[in-house]
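Here we start with a single chain on its own, the form predicted on its own, put down as structure tokens.
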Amino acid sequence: MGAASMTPLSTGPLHGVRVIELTKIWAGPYAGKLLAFLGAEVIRVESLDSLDASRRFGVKDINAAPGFQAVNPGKCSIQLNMKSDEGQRLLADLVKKSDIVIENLRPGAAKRLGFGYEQLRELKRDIIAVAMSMHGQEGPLSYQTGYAPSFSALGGVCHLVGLKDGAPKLLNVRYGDSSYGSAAAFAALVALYHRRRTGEGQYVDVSAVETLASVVGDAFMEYFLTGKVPTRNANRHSEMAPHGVYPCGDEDWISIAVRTQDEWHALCAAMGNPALAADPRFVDRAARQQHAAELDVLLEAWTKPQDAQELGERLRARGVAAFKSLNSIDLVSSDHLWRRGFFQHVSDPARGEMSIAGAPWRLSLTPAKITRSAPRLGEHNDYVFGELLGLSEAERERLVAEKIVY
């Protein structure tokens, strides 16, 4: 069984808000993570029979998987067999003491288990229910399920990624899950604000494909206004030239982006070639965009022998937007990110102190302080079933023996 008690978060704008999380993998847990980083008490409902696959990625210890650790710090975990009548009754009791329920089960699964929105409202009239799925809970495609690559492809993002004459590409970063999870968390906040103003709960149906389509909303707008289907254009930019990523020494890369004439003249001066600014091929932005391939060749020849970090610092000092492309080691060792509090330390029962990526924002209000790592499976069974639901120790032991808490 888990620890006998725990101290809930005492700070943050969502202090006092309780979230039940019926989610797996990344998008759903990421939505819960963002709410936890605002001070909500987030309770994951798990079981050995229905284990989050991210607990097993790359490890034998289900409590030490890096992927699970990354998206679940500061949360609680309980074990509950939701397929059993008693497990469903216990979850219903927990709903009555909660504010938000987030689920990314297959469309219709929550309702079949007895936890669709209308069923939740019978338990708590002002509950906020957030349902996450690929195409939403209704409509001709609602039966389909998928993962982040599907979201990006069907939402139109992949169509815009790649070389001009090449095939669409899947982004290396997981736009699908993180964007989708952020949208779900934002929707939950809007619904919570609505409830505080009106006393009414809400049902929020979040479609991953629609979320990803909104990421490239400008491309859709271009099509509706012009009838022209946007195409892939590599690193080109409609308002900047040069605009790209250029090789440096030690297999590093640097990004350089120029918007104004002043920035262009500053870049030419940094290159030791101020006369380049007056070259007819590059004299203004329109000319530079027309001759972008030639300009890229010149820049590559200049950047290639140089140190990316030092070059970025020199260019920024001149007012040119430039930065070394950072790998994972660069990111976790960045003094800038540590000073701004992006990385922070949490305690882990097995490994002691460990570092995590913190909240992707800074608040003028008192922020939530996350001090615990991602929970061990069932770590908070005693807290939830004992302190919150009032079950005796004997009752909790029976639930474990009968694999209701499992």
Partner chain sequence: MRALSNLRVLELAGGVAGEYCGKLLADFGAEVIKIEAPGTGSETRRMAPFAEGAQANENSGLFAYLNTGKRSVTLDLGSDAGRQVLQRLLARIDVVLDDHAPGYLEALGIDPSRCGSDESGLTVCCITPFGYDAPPDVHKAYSLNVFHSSGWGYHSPSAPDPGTPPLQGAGRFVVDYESGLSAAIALMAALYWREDSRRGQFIDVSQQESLASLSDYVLSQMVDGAMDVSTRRSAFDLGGPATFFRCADGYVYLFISEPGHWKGLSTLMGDPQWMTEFPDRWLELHLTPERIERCRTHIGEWMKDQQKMDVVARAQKLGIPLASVNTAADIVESPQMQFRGFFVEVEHPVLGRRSYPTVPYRLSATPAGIASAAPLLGQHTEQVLSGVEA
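Residue numbers count along the first chain shown, from 1. Every value quoted in this text rests on a predicted model; they were computed, and no experiment measured them.
Here the subject shifts to the form predicted in complex with the partner chain, a form of this protein not shown in this document.
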Report summary line: Checked 120, 71, 80, 110 for heavy atoms within 4.5 Å of the partner chain in the predicted bound form; positive is 71
Requested in this report: Tell me, out of 249, 199, 274, 139, which residue has a non-hydrogen atom within 4.5 angstroms of the partner chain in the predicted bound form.
Outcome: 139
Query raised in the report: Looking in the predicted bound form, any heavy atom of residue 87 within 4.5 Å of the partner chain?
Result: no
Report task. Examine residue 282 and determine whether its closest non-hydrogen atom to the partner chain in the predicted bound form is within 4.5 angstroms. Result -> no
Query raised in the report: Is there a heavy atom of residue 380 lying 4.5 Å or less from a heavy atom of the partner chain in the predicted bound form?
Result: no
Report task. Answer yes if any heavy atom of residue 144 is within 4.5 Å of a heavy atom of the partner chain in the predicted bound form; otherwise answer no. Result -> yes
Query raised in the report: Picking from 287-295, 175-183, 90-98, 274-282, which part of the chain touches the partner chain in the predicted bound form when contact means heavy atoms within 4.5 Å?
Result: 175-183
Requested in this report: For the three residues 169, 213 and 336, verify that every one has a non-hydrogen atom within 4.5 Å of the partner chain in the predicted bound form; reply yes or no.
Outcome: yes
Query raised in the report: Which residues, if any, of 16-41 lie within 4.5 Å of the partner chain in the predicted bound form when only heavy atoms count?
Result: 17, 26, 30, 33, 34, 38
